[in-house]
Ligand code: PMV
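Have a look below at one chain only, the form predicted alone, in structure tokens format.
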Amino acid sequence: MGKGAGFAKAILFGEHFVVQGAHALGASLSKEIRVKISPAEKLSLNIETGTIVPEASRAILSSFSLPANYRIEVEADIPSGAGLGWSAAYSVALSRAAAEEKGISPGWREIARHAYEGEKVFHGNPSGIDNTLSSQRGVVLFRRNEEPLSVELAEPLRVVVADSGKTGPTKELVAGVSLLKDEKPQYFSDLMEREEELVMDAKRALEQGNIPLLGRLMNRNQEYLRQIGVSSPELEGLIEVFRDEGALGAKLTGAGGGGCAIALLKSKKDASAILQRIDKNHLIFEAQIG
């Protein structure tokens, strides 16, 4: 039997634009997915799935030169389709389980490479940031086809994450942004340039501990995400609650269209106020980054 775990993630700045070649900043969270595999007559999972999870699982097992005849048991602290990297955390967890089954101990970069094979099945054209974040701790500056850069925080960030209750179709949203880029190249190029500048400003703010500036940058990033059409009324409702209750900044995190929103807080008191406003049916948790 092999076992492994992968972390949930949050994109702090730069989702969607990172797929097109810009930088993004992301962080791993304490929530995780755990996987165990054991030999079986054929591939099977203990969770309800369509065809895509088994297909991604076969791709990951194949990358380790393992046959697709395993029983895969999944325990998840995070929901799928919420923008918290379910597919990446699953792909990383299965990659670690497959490595243990083979009796090898690859580093996180190698695990992320194997997990990317699953992410390609899940998302078609993934940037690679999700499986990078799910395979290690901390905050990372990421750009496609470049070595990830760890970012040192001057002080920890207190955030709260809430689920809009609507699933975001990642593959369709990524394709929609690509279509916008093709149809309005100058518009998208100008927006991407502003996003790149914003991400670099956010990196410096993290390193300097300028938390108020980070909040303002989150709000501006959300405006850019609205302009490329990946927000939703459900997400906008959560963001409005966050800001009404004193969050320094708030935005969607992940592919959008639904899924989760994240807010940067000044204090734990702000989280308590937000908890009282948001329907208990929505996933919500506090986290400290760094």
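Throughout, we count residues from 1 along the sequence that is shown. This one's a predicted model, so the numbers in the text were calculated from it and none came from an experiment.
Beyond what is shown, the protein has a form predicted in complex with the named molecule; the following relates to that form.
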### Task
Identify which of 27, 235, 264, 255 has a heavy atom within 4.5 Å of the named molecule in the predicted bound form; exactly one of them does.
255
### Query
Even though the named molecule is not shown here, does residue 202 get within 4.5 Å of it in the predicted bound form, heavy atoms only?
no
### Query
Any of the heavy atoms of residue 218 lying within 4.5 Å of the named molecule in the predicted bound form?
no
### Query
Hey, in the predicted bound form, is residue 274 touching the named molecule, heavy atoms inside 4.5 Å?
no
### Message
Check residue 148 for me: does it contact the named molecule in the predicted bound form (non-hydrogen atoms, 4.5 angstroms)?
### Response
no
### Summary
Among 122-130, 208-216, 185-193, 158-166, the stretch whose residues bring a heavy atom within 4.5 Å of the named molecule in the predicted bound form is 122-130
#### Entry: Within 10-35, the residues that have a heavy atom no more than 4.5 Å from the named molecule in the predicted bound form
11, 15, 16, 18, 19
